[in-house]
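Below sits a lone chain in structure tokens, taken as the form predicted on its own.
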Amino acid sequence: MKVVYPHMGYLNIPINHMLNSLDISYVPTPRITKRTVEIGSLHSPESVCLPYKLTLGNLLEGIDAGANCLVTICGAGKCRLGFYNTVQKISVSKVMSEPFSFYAINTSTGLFNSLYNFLRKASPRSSRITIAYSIAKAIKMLKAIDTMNDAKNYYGPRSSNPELLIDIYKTNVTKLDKCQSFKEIEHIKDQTLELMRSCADETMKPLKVGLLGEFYVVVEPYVNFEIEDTLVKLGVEVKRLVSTADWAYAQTLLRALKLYNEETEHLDGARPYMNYHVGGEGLKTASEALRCAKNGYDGIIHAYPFGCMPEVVSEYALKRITADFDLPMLALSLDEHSSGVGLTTRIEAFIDCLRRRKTQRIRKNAALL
């Protein structure tokens, strides 16, 4: 058995570490490139969303590299993610002549149980405690990565050299792969945060923008053209309101203890603008947008795949929220034809508008005094 799974952000670091610790053979998950887009689109229905095409492209590239066990994720709900595994398995079977296995980790039946069952099959000699520990350590790494990313997005625009902080983040994230204990993970995280803090001036008050929307598009830098780093370089504090670690933690430990319900988690926060779960991150998007509006954000950026039904539904709520709270919003609908240059131009124009708006408000308040 040789495993491959789709690429998404820095998710490969904790997952590869987990597979290594259990002696599971795998193909390093290919980073998304133009070829990934092309091969994924070639074997996908034309109207399907971008995350489907890219995850399929990753699996097909993994097959070319020698993988014969394809692992992906699925889950019930109105989002097409629930059908990814079924349709992608059919597509793979049409192009692969050799026998292969296809395993879908089902979030509907519990992420921990589904992941644990797969690891037991892939590593039958590993004890239950070893498998549970490897999962816990992977989640700890994910949490450290997200914390370091938040720090980069906070301290970067407060530094005279934001590119330096971006480099610090990227360099230290890769060091997590060598960690053998929770203590080592915590040490690298704390060391990174302290280094970033020393490079910043916390008295500065840059623009603050919330980044929300569909999970894959918000988290994967190739898809969103490194939007977080672009904003940091523009001197903008960006708060990414989608967290891989928080999601994994909630779907494993909290859900196992019956302390988490994805639908009710954001339902109260989205009312009265959205009163129902609409699939995907739709409800969360509305809830987080309302939180941004109530907590002094200068603007929000809504990023989602072209044709994503849950996000299209949530955008109706977002328009009402931004109108009622006078909160500027930039909506970015992305597909395989999106241009990095065009996206950057739109972001720069949006930030210029926010800066003018903030300057006008400061002048108006000064005049009143």
Partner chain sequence: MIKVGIPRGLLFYDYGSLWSDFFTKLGVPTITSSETTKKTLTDGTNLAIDESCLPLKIFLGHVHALLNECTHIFVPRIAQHHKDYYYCAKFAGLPDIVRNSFNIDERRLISPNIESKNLYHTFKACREAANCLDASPIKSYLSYLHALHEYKNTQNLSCKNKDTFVAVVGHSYLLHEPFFIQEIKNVLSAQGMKIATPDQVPPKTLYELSAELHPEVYWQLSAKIVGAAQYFCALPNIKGILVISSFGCGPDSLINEYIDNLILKPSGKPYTFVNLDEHTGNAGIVTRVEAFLDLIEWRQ
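Positions refer to the first chain, counted from 1. This structure is a prediction, so every number in the text was calculated from the model and none was measured.
One more form of this protein, predicted together with its partner chain, exists but is not displayed; see below.
- Relative to its partner chain in the model of the complex, residues C79, I90 and V313 are all within 4.5 Å by at least one heavy atom.
- Contact annotation for V278: at least one heavy atom lies within 4.5 Å of its partner chain in the model of the complex.
- For the chain shown alone, M274 is a contact residue for its partner chain in the model of the complex, at least one non-hydrogen atom being within 4.5 angstroms.
- Contact annotation for Y26: none of its heavy atoms lies within 4.5 Å of its partner chain in the model of the complex.
- Its partner chain is not shown here, and in the model of the complex it never comes within 4.5 Å of any heavy atom of P157.
- A heavy atom within 4.5 Å of its partner chain in the model of the complex is found for exactly one of L330, I63, V37, M309: M309.
- With the partner omitted here, the residue from Y84, Y103, Y169, Y297 that has a non-hydrogen atom within 4.5 angstroms of its partner chain in the model of the complex is Y84.
- For its partner chain in the model of the complex, the listed stretch (63-71, 26-34, 48-56, 336-344) containing residues with heavy atoms inside 4.5 Å is 48-56.
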